[in-house]
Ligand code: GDP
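One chain follows as structure tokens, the form predicted alone.
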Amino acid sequence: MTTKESKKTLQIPSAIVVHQLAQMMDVSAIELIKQLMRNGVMVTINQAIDYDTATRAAKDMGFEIKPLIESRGKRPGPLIVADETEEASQLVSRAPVVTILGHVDHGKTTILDAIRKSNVTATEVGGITQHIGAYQAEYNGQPITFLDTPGHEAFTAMRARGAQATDIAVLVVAADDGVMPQTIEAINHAKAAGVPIVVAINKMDKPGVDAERVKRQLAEQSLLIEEWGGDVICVSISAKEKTGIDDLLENILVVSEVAELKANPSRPAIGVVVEARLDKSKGPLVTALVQTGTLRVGDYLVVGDTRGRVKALINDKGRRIKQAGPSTPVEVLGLERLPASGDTLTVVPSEQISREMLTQRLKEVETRVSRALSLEDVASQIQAGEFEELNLIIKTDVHGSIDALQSSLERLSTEKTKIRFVHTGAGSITESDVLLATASRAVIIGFNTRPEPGAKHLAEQQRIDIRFYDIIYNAIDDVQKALQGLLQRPLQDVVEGHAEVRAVFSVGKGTKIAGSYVKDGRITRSSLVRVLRKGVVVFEGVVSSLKHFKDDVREMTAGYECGIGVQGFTNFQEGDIVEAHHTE
């Protein structure tokens, strides 16, 4: 066994089987299991343990641990991948990753096409048409990677899944239209991501356009350009006439230089899925962006909730390549199933470890969903002294309500607990709002507005707290209580089951029993019930008797017939619904 004095260093992945860790440490599996038991972890020899559990046990046994695959630290802002285990000498400059955002029809696609065509040489004309959702351009010999996302929803969907793929956001604003609702959304999504913004004022070729008006509108959204004393670079372009494109690319490189984007090409690759599609002949094809390390043909991969081995790599020119370094977009062939956009791609040493990491990844997905906050969570965390900032998304019925609600809520901020408005807007609550709330850990406040069906489903899936108000003071009161740590979880009505009345029986002395069929859930003898007639509540009370034929029973479940008596109610009619419920 290695002595504590030697302090041997081990590199281990995010998940490792107990007997494998014992072999790496050159100790018996029994010794390792004993140490894990001392740390309160009960495992078997063939069970996988996570990185933190393995680290604690190994350190107690005299080893130094370094992560083999994933950096354990979290950094705000753009992903500059340089983990603590890497020497500065291993880091090299990498290409910036750029996403183009803006209002529909403001010229995002035209700009991307103009950049593409300016990079086409005579020999590349045939291959440049390959569209893989991301591509690399060159300006003055320096590469720039563009993510061709459909809009800020896709950009934020990736962030909501834990991927911070973009270094710079280019905000496209049409000079003739100016700042539009989707432009404001794009600004807020980019700000929430913490990435630097470069503004491109497009369609400057149109007669009578006023760039100064656009700059004023941007200033109203707290986006102050450099010539007005701010720190946001603004470039005037015409994608149609291909003017100003060089200026835009030059400024992207300037922002990139300031950010000092670096990565280590020598380590196993980590990347992010940009998009995925099913090819009839090739199977799952995944467009991935390598963020750090080098991805090679033959590498074992874990991507989201699937895995595989790299059979082929295809670059944005449609050519097969053997490897792809940091900031390189590439199409990957060889996964078992289609992953989701924004899933992390990780190279692992072997097929066995890829299987074990899948278990770990599924746990991480659950954790990410459970990170969603409700106002009550904020209150309890503030009470425990663990919370400093409340992120809010406000949607109202009309624009006039936004300022009134926002200014009232702003006054509730204190030195200890601050309110940050991630996004405000008028209209229904959309999927885009829910995605932004997921990525920003925000609470959505709806004032005289409701969620769209897709947004409601997504909010339930991601456990996003949406609060609805029709009186402004109720919203202010709830947020104030949350910031003071006083807000309690509201009472919630939980439906237990429904029974349909099919016959009515008199049992003497004016008492009537409803001969019913339990359609779903259950009815118990002590249930609180509502009697519904054509969807309208006609009586609320408690079950006084519950019979199955002549026998008294405590509970009846779906698919059974029973006789229900309700205390204080005899006016049953065929077709009535008895709804059992409770509050919690």
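Numbering starts at 1 and follows the sequence shown. Bear in mind the structure is a predicted one, so any value in this text is a computation, not a measurement.
Keep in mind the form predicted in complex with the ligand is missing from the figure; the text below concerns it.
Enquirer: Is there a heavy atom of Lys191 lying 4.5 Å or less from a heavy atom of the ligand in the model of the complex?
Expert: So Lys191 does not count as contacting the ligand.
Enquirer: Does the ligand come within 4.5 Å of any heavy atom of Val290 in the model of the complex?
Expert: Judged by the heavy-atom cut-off of 4.5 Å, Val290 is well away from the ligand in the model of the complex.
Enquirer: In the model of the complex, does Asp205 have a heavy atom within 4.5 Å of the ligand?
Expert: The answer is yes: Asp205 has a heavy atom within 4.5 Å of the ligand.
Enquirer: Against the ligand in the model of the complex, would Val104 count as a contact residue? Criterion: heavy atoms within 4.5 Å.
Expert: Yes - in the model of the complex, heavy atoms of Val104 and the ligand come within 4.5 Å of each other.
Enquirer: Which listed residue (Arg309, Lys240, Lys117, Lys282) meets the criterion of a heavy atom within 4.5 Å of the ligand in the model of the complex?
Expert: Answer to the contact question: Lys240.
Enquirer: With the ligand left out of view, choose which of Gln480, Ser266, Thr109, Gln221 has a non-hydrogen atom within 4.5 angstroms of it in the model of the complex.
Expert: When the ligand is considered in the model of the complex, the option within 4.5 Å is Thr109.
Enquirer: Among 137-145, 250-258, 96-104, 439-447, mark the stretch whose residues have heavy atoms within 4.5 Å of the ligand in the model of the complex.
Expert: It is the stretch 96-104.
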